[in-house]
Each structure stands twice: as C-alpha cells, then as structure tokens.
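Only one chain is shown below, in structure tokens, and it's the form predicted on its own.
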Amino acid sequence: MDYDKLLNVSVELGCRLMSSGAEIYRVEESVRRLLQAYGLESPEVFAIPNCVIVSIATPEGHPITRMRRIAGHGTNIELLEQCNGLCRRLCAERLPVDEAQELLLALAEHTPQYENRKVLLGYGIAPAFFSPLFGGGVEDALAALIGGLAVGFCLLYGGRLIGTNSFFRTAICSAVASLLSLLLVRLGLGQSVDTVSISVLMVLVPGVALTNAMREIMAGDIISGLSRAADSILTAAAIAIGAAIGLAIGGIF
C-alpha cells in the first residue's frame, strides 16, 4: 500500500471537514478511524481551527508526517455531511487509495451550491424574521429586510472594495447596517432604530463558531476552543465598532 497517498487522503479529509465547520473532535476522530481502518495502528492526529497535523508509522517502522494549514473558513453543513458519509464508507469498505482520493476530490463537485441571488434573499429574509422577535412591527420587518439585503450585497459582491480581512469586513458591514437602519427609520420605513439595526446585525453574529468554542473548551480541546472563542470575540467587537461608527455618521447628518 502507498502510505504517502493514504496519508494525503486522510489529511485532505480532515482539512475539508475543518473547512466545513466541523468540531475538532470530529476532525481528529474521523482521520484516526480512517487510518486505523486501513491497518495503521495508533496514528497521531492533532487539529486546531487553522491547521491539521497527522503522523503515522508504516509497518516497517518508517514515520511519515503531514501538516496542512487551513485558510479562513465558514460553515458548510452539506459538505460536512458528505465528508462524514465518505469517511464512514471508506472505513467500512476499505476502497483502494486511488479510488478514495478520487471520491474525496469529487465531493466539492457534488455539493450543491446556492446561487448568489438565493443567498442574498436569505440575508434579507433572516433579519425580517428576527424583527418580530425583538418587538418590531411590519415596518421594522420591512426595513430589516432592506438592511439585510444591503449587508448581503456587501458580503457577496464587495470583496474587492471591502477586502478579505474578516475583522474589517465585519466592521464595514456593521456600519452599513446601522447607518442604513437609521436612514430607513428617518424615512418612515421603520419605527425603531434599535430593533431594525439589531435584527440586521444578527446575520453577522458568529453563533456557530461561539457554540463550537464552548463545546471544545468543555471537551478539553482548550487550544482550539480558545482560538475559536477569540475569533468570535473579535467578530463581536467588529460588529460593535461598526455599529457605533454607522450611528455616529448618521447622527452627524
């Protein structure tokens, strides 16, 4: 067996799981089970949100280690489920390594991707449904819908202008949301600036990341948990700073 290829497949699977938003325990356990299914004893797997390290020893005693750095990522539940399904299949059937590699590389092609207009519609509908939860009326829901569409447009189409830094991108989108909420209320399309702005800002809140951070800290993955928690806190700070800037600009005019 080509253990180099097997190690590459396992590391790639771990990276795809991590990029899909999987928990640390899921990434480490999936890679470990895959390697054990192919006859390797006691593989060492270490994962944090931006890195996966896997080390094995071949039957001849030759150690091999792979490390992959992972760029910033979000959450893709569909791809996560497909990676889980492929891992279970490989562990049960022990397909040839070349075939396993082909199946893994084909996952992205078979994962459905929503069109930008559908994603943009989701950014608008979500704040509109949050508005009644915060005590808003029909006017506030309509204003939140418009604000959500604006934030979604910035995230989907403003990459070149906003940049790729997540902190500044979140701060700018938050400023746009709060400023637009203030303007819409002044124009009579909403009743409460607080309700509209909070409803729109909810689409920027890192709820999944913060939940995973707390779970990993309680599970003993302290490094990963603190890393995710710090990222969530920075995102929350960017939301607060952006909202303050947007309201300040709106107050000037």
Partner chain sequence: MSAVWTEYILPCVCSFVACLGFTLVFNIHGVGKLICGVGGALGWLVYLLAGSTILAAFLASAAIGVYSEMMARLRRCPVTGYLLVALLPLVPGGGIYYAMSYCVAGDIQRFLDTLLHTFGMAAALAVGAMMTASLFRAAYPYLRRSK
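Residue numbers count along the first chain shown, from 1. Bear in mind that the values here come from a model prediction, so they are computed numbers and not experimental data.
The following text describes the form predicted in complex with the partner chain, which does not appear among the structures shown.
- Just to confirm, Gly122 within 4.5 Å of the partner chain in the model of the complex by heavy atoms? Residue-level check for Gly122: yes, a contact with the partner chain.
- Message: Although the partner isn't part of this model, could you tell me whether Phe129 comes within 4.5 Å of the partner chain in the model of the complex, counting any heavy atom of the residue?
- Response: Yes - in the model of the complex, heavy atoms of Phe129 and the partner chain come within 4.5 Å of each other.
- May I ask you to check whether Met218 falls inside a 4.5 Å heavy atom distance of the partner chain in the model of the complex? Output for Met218 is yes: heavy atoms within 4.5 Å of the partner chain.
- Query: According to a 4.5 angstroms non-hydrogen atom cut-off, is Gly61 in contact with the partner chain in the model of the complex?
  - Reply: So Gly61 does not count as contacting the partner chain.
- Query: Quick one: which of 191-199, 34-42, 63-71, 47-55 gets within 4.5 Å of the partner chain in the model of the complex, going by heavy atoms?
  - Reply: Of the options given, it is 191-199.
- Leu142, Val151 and Ala175: each with a heavy atom within 4.5 Å of the partner chain in the model of the complex? No, the candidate spot makes no contact with the partner chain.
- Message: At 4.5 Å, heavy atom to heavy atom, what parts of 32-54 sit next to the partner chain in the model of the complex? List them in sequence order, or say none.
- Response: Heavy-atom contacts within 4.5 Å come from no residue here.
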